[in-house]
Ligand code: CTP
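Here's a solo chain for you in structure tokens, the form predicted alone.
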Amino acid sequence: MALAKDSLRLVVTAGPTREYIDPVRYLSNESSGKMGFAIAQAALDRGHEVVLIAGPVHLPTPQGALRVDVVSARDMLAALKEHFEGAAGLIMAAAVADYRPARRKAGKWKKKPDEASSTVSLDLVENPDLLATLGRRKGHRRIMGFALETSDGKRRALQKMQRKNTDCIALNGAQALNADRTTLTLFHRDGEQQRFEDRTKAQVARELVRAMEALCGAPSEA
């Protein structure tokens, strides 16, 4: 597909990350990647160049996107450092694991025959904060963050936008996980809010891409 004259190079992240405990078990979340993939498709439909950094999901690659598959949070950070460098903007729709096991076991974690207790403990360490890391080094580039909250969502989302130096932030709830529809509020630094109520993720994705175009100073005709 030919790029539009005013096309942008956008990086979009999608899906969960996995943090392996042993060769067969891992920590992860319910993110399906549908929102991020819808955003990638919407950006392509608008004539933009898209790098899609995807966690472990089984979704077809939008035609024309450069897909980079990753597994862990640290894998995603490495891919972001590589591809954000020449981009105009980043839409960070992935659900990145906050923690990983302190030590990955070489073999399968097995219950000991003489183990009397029915509980076990797992030491965790904090993963790098991907959004904050990119926010500190963004320069003239624009970043749209995502916040999935189950309580006090607006306050938490606004704090996250300030703390991680994003240009706007999209707030949604747990009901959006693995769903085809979503309710989402986009908060801007100037105080503007855009509310999208019970729309398909494809519909919301088109609005988010237009918002990114406005942030990057690109024409955004309907």
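From 1 onward, residues are counted along the sequence shown. Everything quoted here is computed from the prediction, not taken from an experiment.
Just so it is clear, the following notes concern the form predicted together with the named molecule, a form of the same protein that is not shown.
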query = Is there any non-hydrogen atom of residue 145 lying within 4.5 Å of the named molecule in the predicted complex?
reply = yes
message = I'd like to check something about residue 98: if you look in the predicted complex, is any of its heavy atoms closer than or equal to 4.5 Å to a heavy atom of the named molecule?
response = yes
request  = Find out whether any non-hydrogen atom of residue 154 is located within 4.5 angstroms of the named molecule in the predicted complex, and reply yes or no.
outcome  = no
ask   = With the partner left out of view, is residue 46 within 4.5 angstroms of the named molecule in the predicted complex by any non-hydrogen atom?
value = no
ask   = Honest question, do 92, 131 and 163 all end up within 4.5 Å of the named molecule in the predicted complex by heavy atom distance?
value = yes
ask   = Where, among 155-163, 35-43, 180-188, 58-66, do residues come within 4.5 Å of the named molecule in the predicted complex by heavy atom distance?
value = 155-163
